[in-house]
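Okay, so here's just one chain, in structure tokens, the form predicted on its own.
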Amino acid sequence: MYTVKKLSELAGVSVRTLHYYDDIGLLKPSLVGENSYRYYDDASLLRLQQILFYREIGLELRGIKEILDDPDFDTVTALQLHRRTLQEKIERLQTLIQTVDTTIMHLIGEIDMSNKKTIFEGFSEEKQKQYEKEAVDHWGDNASQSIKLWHSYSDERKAQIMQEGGDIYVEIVANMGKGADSPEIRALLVRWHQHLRYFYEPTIEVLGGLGNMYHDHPDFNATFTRIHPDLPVFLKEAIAIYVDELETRWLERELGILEE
């Protein structure tokens, strides 16, 4: 049997989410002890796995409950379908992240900490055109739309946008000592999130992917390490916390709709 805390750690979901699932009848505990503690068995574990798979492919909680409560529901068939769907999603997200990677790297360029105003100075025009051609050739319309948006700005506006982006990262460095989950860092990540909209509309999935990429991708890691040696690791942690909060708020809104 698993406690709520143990199940939360095992499945990578919050205790609050599990409580929500219990409240709406999506995932009831196998046993509630005399101490009011919830306990879950292996069957509950498999049901939670199905819930997370269906959430991953975008189904609403109400629809997931209807599927799992169907007497004809077959776990093996469902898992086979999940595998095919997730494989397709992996390929799509890899393409999307590569598109974001290539496009942003060509936009933000190299940094020079000797002058804060040049932290996100662009590449040369020749190098920018090279990146644009590669992005469009390899990843098509997503990259094309991002590049088109960028080129719709005047040179003065581009400079302002780059300055704004540089300022955000410098302020994050100045506040790293307060912790990745501090109100100050969260406020800066809200600004970072909004700043990305100068280039494209970032989904929660893309935000999470960027957090990982800032640390894992050698070009981004080198860029942020020049600002501060600890910045890549800090951004990965802070963005993960921020994305988790966004997902939690989304879940609360969805549950609010379900309870109406």
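None of the values given here were measured: they were computed from a predicted structure. Heads up: residue numbers just count along the shown sequence, starting at 1.
The same protein has a further form, the form predicted together with the DNA, not shown here; the description that follows concerns it.
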Heavy atom contact within 4.5 Å of the DNA in the predicted complex, the stretch among 203-211, 187-195, 60-68, 226-234: 60-68
Distance check, residue 47 to the DNA in the predicted complex, heavy atom within 4.5 Å: no
Exercise: residue 20 in contact with the DNA in the predicted complex, heavy atom 4.5 Å: yes
Residue 249 within 4.5 Å of the DNA in the predicted complex, heavy atoms: no
Interface membership of residue 55, the DNA in the predicted complex, 4.5 Å heavy atom rule: yes
Within 4.5 Å of the DNA in the predicted complex: residues from 24-45 (heavy atom criterion): 35, 36, 37, 38
